[in-house]
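One chain comes next, on its own, written out as structure tokens in the form predicted alone.
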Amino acid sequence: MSNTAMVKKYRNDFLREVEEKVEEGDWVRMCMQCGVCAGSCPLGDAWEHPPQEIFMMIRAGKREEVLGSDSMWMCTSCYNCIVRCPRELPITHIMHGLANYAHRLGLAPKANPTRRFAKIFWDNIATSGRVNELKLSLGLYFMDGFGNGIKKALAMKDVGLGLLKTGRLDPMGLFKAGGIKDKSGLQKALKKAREIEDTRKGY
């Protein structure tokens, strides 16, 4: 097989992979590279690769660069891009779909703070069905180690004391079981959802 044929096959393979295994991935080929999505994004200047560039990279077969990028994790779900896209592409859903796919493949950037927050939040809520705000806060404070967590806590002590005084922070929340009544039912539902997704996407 010639180099040209190999490159062409590689490109087609990654686009096909995204179309088959990423949420709303079959819309990627519809992007006309106008850049309205990047111009509409409140974090547009912070993106490593804006959405239209990610879509072009997918069509160019740059699998490692796309799935290892921080870009998809920058999406805040404001939906400005979807509202303003002249072709009405579900850009927000594609970004989250790519992030989830990269995570499941173990290719997502491990140091990305948004990805780390998403994992801490999911682990928190998936355990009991409700978010324990104190546990979530502690997880975020100490995700960079005990020393850094203490520094962050000291820097935010005035805010914390203010929350305590107004009753917005419950220090005993850490010791409360909380959550929904049927936690085992929740776990069964989550397990079934993963099985359905794995089957549907062929992971």
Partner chain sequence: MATREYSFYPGCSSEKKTSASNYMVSVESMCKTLDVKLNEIPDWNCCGASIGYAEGGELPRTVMNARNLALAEEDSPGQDIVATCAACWLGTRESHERLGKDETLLNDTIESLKEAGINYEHKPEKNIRHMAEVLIEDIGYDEIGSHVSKPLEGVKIAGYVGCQTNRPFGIHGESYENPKYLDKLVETLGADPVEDYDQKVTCCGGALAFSEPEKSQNQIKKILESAYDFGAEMIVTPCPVCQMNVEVYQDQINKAHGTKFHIPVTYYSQLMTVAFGGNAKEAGLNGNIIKAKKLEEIAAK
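Just so we're clear, the structure is a prediction, and the values are computed from it rather than from any experiment. Numbering follows the first chain given and starts at 1.
What comes next is about the form predicted in complex with the partner chain, which does not appear here.
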Would the partner chain in the predicted complex be within 4.5 angstroms of a non-hydrogen atom of every residue among 75, 121 and 168?
yes
Can you tell me if residue 30 lies within 4.5 angstroms of the partner chain in the predicted complex, counting non-hydrogen atoms only?
no
Hey, in the predicted complex, does residue 107 get a heavy atom within 4.5 angstroms of the partner chain?
no
Can you check whether residue 186 is within 4.5 Å of the partner chain in the predicted complex, heavy atom basis?
yes
Taking the shortest heavy atom distance, is residue 162 within 4.5 Å of the partner chain in the predicted complex?
yes
Partner contacts in the predicted complex for 14-32 (non-hydrogen atom within 4.5 angstroms of the partner chain):
23, 24
